[in-house]
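Next comes just one chain, in structure tokens: the form predicted on its own.
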């Protein structure tokens, strides 16, 4: 009976494992191999060794995309987590129609990123300038997506608007694990307001903060759909993220081998940042 059960589990797992290897592991290995070539995405290619990796650190466009991506990821991660925590605390309190508001705030997460991006593209291009013109705000009379200094803010707003939903749900789950006895004991010691949050709530939900920070950091470093829908890397390549650069120049720019090397380096960077985040927040959990 036990052997039959093991055989059944194995039969269920093997097809999934085969699909994972076929559509994830094999392309990953092929991408690493192509990173050592001058492959253009078609035709023959030659081995170039580590030349692609060396050229990455001298390519101004690549370095600019890294700077933009890190700036966007850091700012958006902070904005999303602050807003999500505030919303979670509000939705976890004793308010009327709590379930309705939770569902309403989660709606943006259900919508596709491209759909949301195209909607906001219309908003930033036509609706916001029209309101700005009526209000006499000259700086916003044109589309912010067409301005090098403001386009990234539009992308940040769209990314944050969609990401807040899931982070809020995670924070609500964390807040619901905090025992009421803790707040009662804190109230007896005079803990109220900010002190109550800082010394009681935050230490107890720190594991959930860690999860949200890591997920946000990873997702915003890999931002692609919003840029595709809003700016396509413009204006003047000022909003070109690493993922978009890899896709655009690798698929249609004849730099498949070079951008494969970029993708390998980017993968290592994301893993390193995620591990560093986990270690840092783990130390914070111990301190709190």
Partner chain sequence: MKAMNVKATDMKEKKTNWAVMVLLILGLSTIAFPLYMTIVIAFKKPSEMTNSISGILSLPKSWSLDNFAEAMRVTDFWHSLSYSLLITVITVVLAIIIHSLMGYVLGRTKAKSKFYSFVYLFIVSGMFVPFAILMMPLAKQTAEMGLANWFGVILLYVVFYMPMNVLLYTGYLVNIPVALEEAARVDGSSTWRTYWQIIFPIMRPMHATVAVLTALAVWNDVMTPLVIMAGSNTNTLPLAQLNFQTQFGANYNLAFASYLLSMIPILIFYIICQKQILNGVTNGAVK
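Just so you know, these numbers come straight off a predicted model, no measurement behind them. By rigid core we mean the largest C-alpha set that fits within 1.5 Å across both forms. Positions refer to the first chain, counted from 1.
Beyond the structure shown, there is the form predicted together with the partner chain, which is absent from this document and is the topic of what follows.
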**Message:** Test of understanding: in the predicted bound form, would residue 103 fall inside 4.5 Å of the partner chain by heavy atoms?
**Reply:** yes
**Item:** Contact label in the predicted bound form: residue 31 to the partner chain, heavy atom within 4.5 Å
**Value:** yes
**Item:** 4.5 angstroms heavy atom contact with the partner chain in the predicted bound form for residue 263
**Value:** yes
**Message:** With the partner left out here, check for me: in the predicted bound form, does some heavy atom of residue 235 sit within 4.5 Å of the partner chain?
**Reply:** no
**Fill in**
From 202, 135, 110, 78: within 4.5 Å of the partner chain in the predicted bound form by heavy atoms is 110
**Request:** Go through 139, 90, 82, 74 and name the one with a heavy atom inside 4.5 Å of the partner chain in the predicted bound form.
**Result:** 90
**Item:** Residues of 235-265 having any heavy atom within 4.5 Å of the partner chain in the predicted bound form, listed in sequence order
**Value:** 243, 246, 247, 250, 251, 256, 259, 260, 263, 264
**Request:** Once the core is aligned, please say if the CA of residue 272 is shifted by at least 2 angstroms between this form and the one not shown.
**Result:** no
